[in-house]
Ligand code: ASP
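So this first bit is one chain, no partners, the form predicted on its own, shown in structure tokens.
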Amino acid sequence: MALIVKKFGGTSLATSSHITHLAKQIRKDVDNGDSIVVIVSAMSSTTDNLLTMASKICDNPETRELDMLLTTGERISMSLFSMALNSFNIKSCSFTGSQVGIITDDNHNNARIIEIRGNRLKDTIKNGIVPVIAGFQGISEKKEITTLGRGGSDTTAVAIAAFLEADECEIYTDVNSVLTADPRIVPNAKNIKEISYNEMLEMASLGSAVLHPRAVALAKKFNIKLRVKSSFNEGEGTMISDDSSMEGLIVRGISHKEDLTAISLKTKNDINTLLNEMYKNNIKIKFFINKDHDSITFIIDSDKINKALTALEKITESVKVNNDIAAISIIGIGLNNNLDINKKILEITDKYAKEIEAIFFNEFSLTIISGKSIMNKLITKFSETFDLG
């Protein structure tokens, strides 16, 4: 008998029939003797619809009230899912994040989990009841409802799996597995059967939307076996673990991001001043392209641009904004120590040298910063060169 945490995303829960289908799958797991814990996101488009409703009321809603609003999406999912399980004679009970003791810090809209006080959850499982838990949310020490930010339901699932010392944490989505590249650009992208935590963390951080980086980092910290599977098709999906035997494959896949903006500015202040302004406003700097005397260029997510420009008014003499920015990342353990692979990469990038702003690398990835016009060309060429399609 295994204890398995299963998380279902919004597309998996899009309709009542989808939820019923998933409940039938869990019926089979229970019949096989497994103990199941379910984590749910809001139903497809629910969170976006709630945000739209909020924007029609005011431009900048209070973060506390926004959390109160957004957490209703997962509450709908959890109650419907629990109803579906009970209809198949599976004892089930739904819980909010606060009800299962997910304690967070006070950072509304992007809270971090401090601990889980989950005696109630453990008792529920011991009594043969399948708990259905709302992802994406918790409660602070001040008894305020909080949300965990983007990908919060993935993070909830891994945190619960770590707390329960589960045998496996399964993330269900609308794709069969983690793929070597974006199938919209590389139609014949391959399924990845196994991948290490470090490689998956790089892929997630650099553009792959299947898993959130916080969830992967948490799985790595607590050595949780993490599997990505399809809600709609049979298959083993992708296993993410710390298996060193996977080092034989050098190039694992390609990630990319195009929702990026470069900001160039002249400032009399040092980089620490700039970083402090960004961190105070919850803006993560993705890359520094250069720092030449009194000039600094850095890259952030495009949706943070207005907040960044407002924050920079205090320290900036002049600002230049460039929205024509893409990042293409080649992922793999030992990638940058392999001279043959580096030679092949340089042969490709040399053809587009005028349109490439910078190249960054670490132990697990090599990232090219370029204009958006050559992004698809580079991804296609790298996929062909390294047999990813």
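Please read all numbers here as calculations on a predicted model, not as lab measurements. When you see a residue number, it is the position in the sequence shown, counting from 1.
This next part talks about the form predicted together with this ligand, which is not shown.
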Query raised in the report: Picking from 59 to 67, 37 to 45, 322 to 330, 337 to 345, which part of the chain touches this ligand in the model of the complex when contact means heavy atoms within 4.5 Å?
Result: 37 to 45
Query raised in the report: Applying a 4.5 Å heavy atom distance criterion, does residue 193 contact this ligand in the model of the complex?
Result: no
Query raised in the report: Quick one: is residue 202 in contact with this ligand in the model of the complex, heavy atoms, 4.5 Å cut-off?
Result: no
Query raised in the report: Closest heavy atom of residue 81 to this ligand in the model of the complex, within 4.5 Å or not?
Result: no
Query raised in the report: With the partner left out of view, is residue 122 within 4.5 angstroms of this ligand in the model of the complex by any non-hydrogen atom?
Result: no
Query raised in the report: Looking at 304, 117, 266, 150, which has any heavy atom no more than 4.5 Å from this ligand in the model of the complex?
Result: 150
**Report entry** Stretch 73 to 90: residues contacting this ligand in the model of the complex, 4.5 Å heavy atom cut-off
**Finding:** 74
